[in-house]
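Below, in structure tokens: the form predicted on its own, a single chain.
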Amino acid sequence: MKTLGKVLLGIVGLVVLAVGVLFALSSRAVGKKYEVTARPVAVPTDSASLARGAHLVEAVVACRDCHGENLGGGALAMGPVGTFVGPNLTSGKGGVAGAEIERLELAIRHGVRPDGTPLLFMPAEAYTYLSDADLGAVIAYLRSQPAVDTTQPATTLGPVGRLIVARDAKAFIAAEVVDHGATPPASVTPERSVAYGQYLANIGGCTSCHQASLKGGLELGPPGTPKTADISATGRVRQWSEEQFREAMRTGVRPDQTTINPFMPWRAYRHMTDDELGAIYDFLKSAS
């Protein structure tokens, strides 16, 4: 019995040690400070820019998926992985839309707070590609929305989430992969072209969720979410016509009648124009 007791105490000690190491490593990752300099961005007030911002928010960068239909915030509970909270994006009490431009630019493009610590589960690896004009239009649109008075709680990591962050911080911390020294374009021209399709694929998250190679294979979302698909020219999309691609993005149903996992934000992408979806299709078909 004494031997068994010692063994059990040893096991308990190892578990406690492992938990302590896990907590320390994950805490170091979420508390890391990144040296980032905010880039000045002009926020327009003209109707065309507001319309552009509205379209980007609704159809491309899909803010409502994480921040709620009224943009007042939302939460995604992922069990032991954690609860990821999208803050209030309006100008109401507890909202961030009225914050300094520098703070918003750091959060959106770099995934960090003003003190340099990272935001969790903020897809800045996609939004870092936003042009100055488009980022300004997005902020202008958010500031024009009805104020919602809601203060959201902070994102929390569960034990599995801490394990993931301890092993690979890039999984939840975009600041680890963003090129903080890159200079975004001043503006882009919306047109039916491979270049514009790549821009939309970047800011829309295609090249982050499906990887730069578009080969997919990442495990994103709640437990049970399938790996992201291969959408390169040698993958599934290769077999689709442009009409089939548009239909899949607008209905969430593939040509073979299987459904696209709801974690894929096709509900936002369905609001893209035919030319936008066509440009993305051209880009995907061109990628080897």
Ligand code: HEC
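As the structure is a prediction and not an experimental result, all values here were calculated from the model. Numbers for residues come from their place in the sequence shown, where the first is 1.
FYI, the form predicted in complex with this ligand isn't displayed, but the following is about it.
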Worksheet item: So which of Leu50, Ala62, Val43, Val36 gets a non-hydrogen atom within 4.5 Å of this ligand in the model of the complex?
Response: Ala62
Item to complete: Would you mind picking the one in Ala137, Val165, Leu120, Val178 that has a heavy atom within 4.5 Å of this ligand in the model of the complex?
Response: Leu120
Worksheet item: Taking 4.5 angstroms as the cut-off for heavy atoms, does Met264 touch this ligand in the model of the complex?
Response: yes
Discussion item. So, His210 and this ligand: in the model of the complex, are they within 4.5 Å at any heavy atom pair?
Written reply: yes
Discussion item. Within 4.5 Å, heavy atoms only: does Arg113 come near this ligand in the model of the complex?
Written reply: yes
Worksheet item: Does this ligand come within 4.5 Å of any heavy atom of Gly204 in the model of the complex?
Response: yes
Discussion item. Can you list, in sequence order, the residues from 148-162 that come within 4.5 Å of this ligand in the model of the complex, counting heavy atoms only?
Written reply: Thr155
